[in-house]
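Below sits a lone chain in structure tokens, taken as the form predicted on its own.
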């Protein structure tokens, strides 16, 4: 990919504010012993406190913006990687086009070998024993059925006892059945159970929210009992919600939807040792949203090839389901470029967006998040909470602990704006904002 990242996009990659500040301090040619670049990579040597400079390298050829630094930092990207990217963005003339040194060439060669190995493994999986695969699938479904049968009894007992005592239950009350579902190889159900723990102490109306979540769990169990009798899309949604995922390798053989995809926003969450990055896109021509997920464990880096406020022409393959949202990028036809806000479509009213969400929820009852791209939105502070209001006066509240309301208000200047966010049926979490002047 050609280098087209802006300073804002690079700083958005920083794992925290301290890393961003440190990266800025390294965005000067005087901080680097050597720097260089070509069509494949970007590299540099940064003098630290030790005798040997840190070796920093970025792969520009694969499209996933892979990087590596020899420093001992556990943060990814580290301040040296950020500093090198920022220097490239602000002073491209400092990078002489030259042949990469051996330590860069070796790294690129190893990445190419690893990619080749993954391709060969994929081919091997394609010709693996189908009978053995079917046997493993049957065994797992048997475990899931047994686990869901136990969970159904737990739900019945909870409802018979009533919900009045729910706020007093310890976390173990909710986490114990969740652990059982992990044993039953149903990680999606385990996650839904863990989320129940915080609802009884979430403020007024918790009873309705808890009952709604319990109802969805009950519906999921009943759906799995009757799986073979349901339409194919509903079957897929039930399997996916439970945790029976579809392999990316199987999807890549499907035709993609080619469009100019606008990267609206991104959210990163960490649970236990797993980091999940959700990136929302919007098709300029297809006028449909897409969700690209990236996962990382421990200190593994997330995929940073799709950054907010960028766009690209690409083929996306959508995962099947009644409401196809999740997708993978199959083929990139153009390098990532800066997003032109004038291309943003958007929905003019909250009522229209809510109607779209209601239709999606009716088709997919276990839908947890839905993207809203709203026009003519004003950021307001109401009843002690942040909210967004449309031109008709309708309001959606942000989550109780939403912490960047003042920044959004400052960016908008109090004027109507275009806003991208995640709606969970109760709160709208803003992910990005553009002023109307930018998006006309």
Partner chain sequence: MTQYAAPEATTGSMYGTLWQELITHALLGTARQPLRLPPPDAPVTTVLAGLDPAEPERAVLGAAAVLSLYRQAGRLPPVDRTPVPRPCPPDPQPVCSAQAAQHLALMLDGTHSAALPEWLAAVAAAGQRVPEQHLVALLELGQKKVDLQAAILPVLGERGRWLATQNPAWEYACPQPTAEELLADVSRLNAIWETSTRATRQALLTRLRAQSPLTARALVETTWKSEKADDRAAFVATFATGLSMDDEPFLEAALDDRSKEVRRTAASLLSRLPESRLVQRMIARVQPLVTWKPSPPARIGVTLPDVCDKAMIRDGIEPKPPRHVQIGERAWWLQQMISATPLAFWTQTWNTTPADLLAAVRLNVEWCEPLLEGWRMAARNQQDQTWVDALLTAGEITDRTEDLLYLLSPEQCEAHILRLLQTHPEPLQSTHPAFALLMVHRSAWSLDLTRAVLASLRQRTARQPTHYDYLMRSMFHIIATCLAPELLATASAGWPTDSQYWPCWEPDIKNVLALLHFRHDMLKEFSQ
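As the structure is a prediction and not an experimental result, all values here were calculated from the model. Numbering follows the first chain given and starts at 1. Superpose the two forms; the largest set of C-alphas matching within 1.5 Å is the rigid core.
What follows is about the form predicted together with the partner chain, which we do not show.
Novice: Can you work out whether residue 412 and the partner chain are in contact in the model of the complex, taking contact to mean some heavy atom pair no more than 4.5 Å apart?
Specialist: Result yes; residue 412 sits at the interface with the partner chain in the model of the complex.
Novice: Report whether the minimum heavy atom distance between residue 389 and the partner chain in the model of the complex is within 4.5 Å.
Specialist: So residue 389 counts as contacting the partner chain.
Novice: Just checking whether residue 425 would be counted as a contact of the partner chain in the model of the complex - the rule being heavy atoms within 4.5 angstroms.
Specialist: Residue 425: contacts the partner chain in the model of the complex.
Novice: Is residue 334 close enough to touch the partner chain in the model of the complex, meaning at least one heavy atom pair within 4.5 Å?
Specialist: Outside the cut-off, so no.
Novice: Based on heavy atom distances of 4.5 Å or less, which listed stretch (184 to 192, 321 to 329, 302 to 310, 158 to 166) is in contact with the partner chain in the model of the complex?
Specialist: Looking at the other structure, the answer is 158 to 166.
Novice: Check for me whether the partner chain, as it appears in the model of the complex, comes within 4.5 angstroms of all of 21, 91 and 219 - heavy atoms only.
Specialist: Yes, all three are in contact.
Novice: Since exactly one of 351, 201, 254, 229 fits, which has a heavy atom within 4.5 Å of the partner chain in the model of the complex?
Specialist: If I apply the 4.5 Å criterion carefully, the residue I get is 351.
Novice: Within 4.5 Å of the partner chain in the model of the complex, counting any non-hydrogen atom, which residues from 356 to 374 show up?
Specialist: Contacting residues: 357, 358, 361, 365.
Novice: Aligned on the rigid core, do the two forms place the Cα of residue 400 2 Å or more apart, comparing between this form and the one not shown?
Specialist: No, because once the rigid core is superposed, the C-alpha of residue 400 moves less than 2 Å between this form and the one not shown.
Novice: Does residue 20 show a Cα shift reaching 2 Å between this form and the one not shown after rigid-core superposition?
Specialist: The answer is yes; the displacement is at least 2 Å.
Novice: Taking the rigid core as the reference frame, tell me whether residue 389 has a CA displacement of 2 angstroms or more between this form and the one not shown.
Specialist: Not so; residue 389 is displaced by less than 2 Å.
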